[in-house]
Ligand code: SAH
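The chain that follows stands alone, in the form predicted on its own, written as structure tokens.
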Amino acid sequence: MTDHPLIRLNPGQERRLKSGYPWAFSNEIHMQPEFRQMAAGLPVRLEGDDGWRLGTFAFNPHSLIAARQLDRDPAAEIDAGWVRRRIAAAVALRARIMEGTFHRLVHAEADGLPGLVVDRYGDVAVVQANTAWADRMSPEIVAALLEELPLRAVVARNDSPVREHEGLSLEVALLHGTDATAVVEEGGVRFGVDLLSGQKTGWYFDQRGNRDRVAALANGARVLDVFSHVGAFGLRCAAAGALAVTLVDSSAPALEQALAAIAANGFSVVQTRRGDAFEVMAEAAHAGEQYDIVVCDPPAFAKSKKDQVAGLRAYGRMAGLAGRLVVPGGFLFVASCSHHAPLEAFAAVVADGLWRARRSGRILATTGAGPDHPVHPHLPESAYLKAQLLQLD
């Protein structure tokens, strides 16, 4: 047995964890005064009140999610070798299920590395350590990545607000190499990526499969890409033969990146429009504009549980405005990356928004993230992305 400290759950709190749930919340743990003094992120042995051994967990006495499962073995050594084995397994999985070298390489709990996100951009990796244990193990994580992959640079994008819940500071840093410039190649389109100051880890790999679906419909189409960010959906449609593409976003830096990608790929059918998405859609509907394809991939409207009602209302309003802009027989793609907007509720408000817009149609696909974003089978929280592709009458 290792010398990991032993922590027990309160009576009656072990049922979910015995069934595979990988988190224990602070109110479920029999918290002793000395536990409050422990450094965040250290491994512990977690047991039920009945002595059931649940495994080795990363413990943070200052976080709502106080314990996250690292290994089912309560005697596991969480060292450089353990980290490298988990990283190697993630690399091997992507080699089997993904083409090329642009993808989500590590997806937190689903890859057995709680709170750790790694995105790969060819020979550059972007690391986001969103938990205290991953932050403590960052040197071992970087070393494992360099041993497994031919990387010229590793960037830390530790600026996610969720780090604050773990008591961690926010920072962006170049951990290895001297040049963090990178590109993404997708569907024949090259996008320059700002790894040091762009959003999140630089690119939304989770929507790649959905971009494939939308682009497959785009030949000869007029496309409106709302909440476009750097134009990933719209530019994929342009490459697939769209007649005209309009990108709409409120962020000037994002649209500047989109313009750079438009120029780099030689697209003459794409234009940008800066403005609030809801206002732009309302103005377009008032002007009688219609498109063959409308894409709405917004940022999270429900970032927390308290935002759920207002967030769902916003998704419904979005769907109604977008639905008015689709020609009869055209297509609407809508998405939500809010965990607090569950699929059933999201689908219901989308349907209600379309009904209020006096549009009917059919759902062609209900989807989530791509396979490089696997879902932990006992952690529904990891299935955050949901999307629908519809044809409207």
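Note that the rigid core is defined as the largest set of C-alphas that superpose within 1.5 Å between two forms. The first residue of the shown sequence is 1; numbering continues from there. This is a predicted model, so every value here is computed, not measured.
The form predicted together with the ligand is left out here; the points below concern that form.
The stretch from 83-91, 164-172, 100-108, 204-212 that comes within 4.5 Å of the ligand in the predicted complex, counting heavy atoms only, is 204-212.
For the three marked residues, Phe227, Phe233 and Gly275, a heavy atom of each sits within 4.5 Å of the ligand in the predicted complex. Distance criterion of 4.5 Å from any heavy atom to the ligand in the predicted complex singles out Pro299 from the list Gly241, Pro299, Gly188, Pro150. Checked against the ligand in the predicted complex, the residues Ser251, Asn265, Ser160, Gln308 give one hit for a heavy atom within 4.5 Å, which is Ser251.
In a rigid-core overlay of the protein, Glu279 has its C-alpha displaced by at least 2 Å between the shown form and the other one. Remark: with the core as the superposition reference, the CA shift of Leu174 between the shown form and the other one stays below 2 Å. Annotation: Cα of Ala88 displaced by less than 2 Å between the shown form and the other one, core superposition.
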